[in-house]
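As a starting point, one isolated chain is supplied in structure tokens, in the form predicted on its own.
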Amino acid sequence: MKTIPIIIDTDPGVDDFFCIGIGCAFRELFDLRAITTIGGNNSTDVTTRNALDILKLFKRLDVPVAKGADSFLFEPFGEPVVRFHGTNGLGDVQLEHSQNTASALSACDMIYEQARQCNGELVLVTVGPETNLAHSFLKYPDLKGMIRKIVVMGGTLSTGNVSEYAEANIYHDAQAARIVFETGIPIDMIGLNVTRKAPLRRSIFDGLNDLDERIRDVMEKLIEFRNEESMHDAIAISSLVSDKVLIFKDAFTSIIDDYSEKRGMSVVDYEKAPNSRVAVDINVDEYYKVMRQMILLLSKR
């Protein structure tokens, strides 16, 4: 079976850890071309270090990491989101440091170079603010014709988590998100309306034997740190592993990027010609099946 070339654009991040885990584990499905990093959960320096260390834990030192922007398009980053990601961005779990360093290419240059090499097949999985993608499309206008699809963990069809209307990844750089949704590239939007339905509990390990104890220990600590809540980013990438995880509906999605109370709102219109598919429901058991398979695959490396 032909593998899917992907780049994970991420701000690791507790949720992001599990997303990267899926990207690393399913080698027969994914050709993981790179990790590109952005700040948000912490500074980009910290999230880049975290990405390098996560790849070391998962024995994927072959995957390059490209550092992204040090601010949102028009604003500085806020303070680290300690409540949800700890002071180090990874729930205060300490990983062994990788000796690898970030690529000489910036995130937007890495995205463009990999897109050129993948001949229109590259899928971007973005699970942080859309800043790096927006920079890429602004710097390289021809990039729009080189991307097969963008999978976005962001937005919501219900109540947000930073305001009544908005989800954090979209809200924090709403201008960047608007640019991405206006590219015309097919987009899968996986929002809080579905991800909140699938908490990740420590029982995910029940019945799994011969696991890599270090990986299991880190995962259990991260699950405990988040009080067994949902790992939103993992759900987004799991939709590429199994088309049974999410139910999508075609829609035209636009982003409110002003500074009103509705900033960051994802406005969905099912009547207009679609620019996206929006997730409207989740098969929780299928998602858990993907997660358990990920744990087993990582333990065999």
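Residue numbers here begin at 1 and follow the sequence given. Since the model is a prediction, treat every value here as computed from it, not as a measurement.
Although it is not shown, the form predicted together with alpha-D-ribofuranose is what the next lines describe.
In the model of the complex, no residue of the candidate spot (43, 132 and 173) has a heavy atom lying within 4.5 Å of alpha-D-ribofuranose. Of the candidate stretches 227-235, 199-207, 115-123, 134-142, only 227-235 contains residues with a heavy atom within 4.5 Å of alpha-D-ribofuranose in the model of the complex. Screening 168, 102, 150, 108 for any heavy atom within 4.5 Å of alpha-D-ribofuranose in the model of the complex leaves a single hit, 168.
For the options 189, 127, 90, 194, the residue carrying a heavy atom within 4.5 angstroms of alpha-D-ribofuranose in the model of the complex is 127.
By the criterion of a heavy atom within 4.5 Å, residue 161 is counted among the residues contacting alpha-D-ribofuranose in the model of the complex.
In the model of the complex, 11, 15, 16 are the residues of 3-38 with at least one heavy atom within 4.5 Å of alpha-D-ribofuranose, listed from first to last.
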